[in-house]
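Have a look below at one chain only, the form predicted on its own, in structure tokens format.
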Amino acid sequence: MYVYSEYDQKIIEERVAQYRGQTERFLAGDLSEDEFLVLRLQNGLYVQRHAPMLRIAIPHGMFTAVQMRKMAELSRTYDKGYAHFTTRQNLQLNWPKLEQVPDILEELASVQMHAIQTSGNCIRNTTSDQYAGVAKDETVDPRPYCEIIRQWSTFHPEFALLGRKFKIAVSGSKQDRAAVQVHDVGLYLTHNSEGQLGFKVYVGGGLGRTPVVAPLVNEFVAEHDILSYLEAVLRVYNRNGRRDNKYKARIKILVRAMTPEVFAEKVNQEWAELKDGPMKLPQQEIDRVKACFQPPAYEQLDAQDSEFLEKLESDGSFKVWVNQNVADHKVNGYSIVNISLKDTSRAPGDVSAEDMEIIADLADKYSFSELRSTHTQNLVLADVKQNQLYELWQTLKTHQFATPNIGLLTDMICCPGGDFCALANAKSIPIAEQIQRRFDDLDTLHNIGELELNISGCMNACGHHHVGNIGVLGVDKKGSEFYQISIGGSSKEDAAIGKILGPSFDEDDVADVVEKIINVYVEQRTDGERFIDTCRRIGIDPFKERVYAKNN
């Protein structure tokens, strides 16, 4: 992973000192609330329902065991002993004191971490595939390009105060595990007919009040030109985007208003002035960053370990876990292990300080001291030897991290909701728990099969409910919490926005509604058909009829 240079470290430390001074001036009354708002947001600090919330950046989802232990220490010292992994692969502390945030940032800087541009109207953390560099279906490792984009976008003076937040995702695999097409800019690494490496560029995706799947605006941008093209996209947005109405200020609104074709034409006009200038990426710089993402010291192992195969056949519970939570690795004898943060006993994405330290120890022992966070709010050990899987599984099981539900109904995405967020219309975590407990039987879960359920507490869609196969949205009805259900969404390469079933439901009815939806699927599916496939084949009406039937 990327290691800070002396220059990187100095920048971060100077930012900490700068923000410490800004905080002191605010607390002394020398800065107003409005003046301090922009400053704190660009350092990752929100003011939530009950306390400030600090969002810590995890660039492209990669971090070390040392960094995990530091986050555990910070959560114990400055918070309530736990933290929350988000859909942008970041980590949130939900209870820090505003006056102590500079101390937290100083501690983060000591392990090459920060909270810069994790909030505010700027370019946010660039996200990617949690299996990057190790996935069998990978065409090109996206991590070096994510890092190049991070370095270009961090402190970019022209884009520090955009009309709204701006999110970029990059994928280099056949399967999209980064929700690329629902970002402001989505990049797929590809090769053109001459074998040249570059990107398919999608612009104008996003969720929130106006959910949109991004249109393709450029079939191929060469790798050396990607920064100048992104610069052109941002300039067109910055110059033409709405600033009079924050609900219409995202780039997706601009692309729709202009049409993708006109938008792409304006970008190309801007790009023509930038393409062959100093923003063209030199090969030397690409190679420098790529050198930070070299493979670890893999051993030469057999493709299938005999001891692993024996355990697989003799222990049924282990086999279920492997089939669901372990993915194929591109190197013989190694596997990718997903650590589920979706045990029924915990809120999705939450992890305690003690558990963070345990996971850090496991990374040291089994996966070259590295970890990955995922946009589905789980963790990954990317480089585990097959002959150590059984031992690792037993340890994970002891600490409730071995729930074999990755990609299943209870592996749900869920925002913090009304328990924490001042913007939320309704609670999310109790709904997640309600559904988790209703579908707590593993045999039932595995019979249902692959299914994404996403929960958001408001229209800002931090829980990505629009692109869940089943989406749950908290809404306010005359001061009461209700929940709107949608079905048929997808965040993958077949990205789609779900369709709303109809009127919303009381909190106590949500699990019942989900169960009725599942029952229709089980009754209607053909052999091997996933929920999303059945939903697309039969349409929304059979689900709607079952859910709203009076005597059902």
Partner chain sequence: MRKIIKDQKVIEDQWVELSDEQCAETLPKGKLIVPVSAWQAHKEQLIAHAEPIGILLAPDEQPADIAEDLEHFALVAISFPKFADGRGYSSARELRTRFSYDKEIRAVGDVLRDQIYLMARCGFNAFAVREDRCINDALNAFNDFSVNYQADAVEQKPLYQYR
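Positions refer to the first chain, counted from 1. Everything numeric in this text was worked out from a predicted model, so none of it was measured.
There is another form of this protein, the form predicted in complex with its partner chain, and it is not shown here; the text below is about that form.
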| item | value |
| --- | --- |
| Joint contact, 141, 261 and 328 to its partner chain in the predicted complex, by non-hydrogen atom at 4.5 Å | no |
| Contact flag, residue 152 vs its partner chain in the predicted complex, heavy atom cut 4.5 Å | yes |
| Residue 31 within 4.5 Å of its partner chain in the predicted complex, heavy atoms | yes |
| Its partner chain contact in the predicted complex: residue 80, any heavy atom under 4.5 Å | no |
| Heavy atom of residue 14 within 4.5 Å of its partner chain in the predicted complex | yes |
| Answer option from 345, 300, 245, 284, heavy atom within 4.5 Å of its partner chain in the predicted complex | 284 |
| 388, 352, 238, 100 - the one with a heavy atom within 4.5 Å of its partner chain in the predicted complex | 238 |
| Proximity to its partner chain in the predicted complex (heavy atom, within 4.5 Å), stretch among 270-278, 371-379, 175-183, 456-464 | 270-278 |
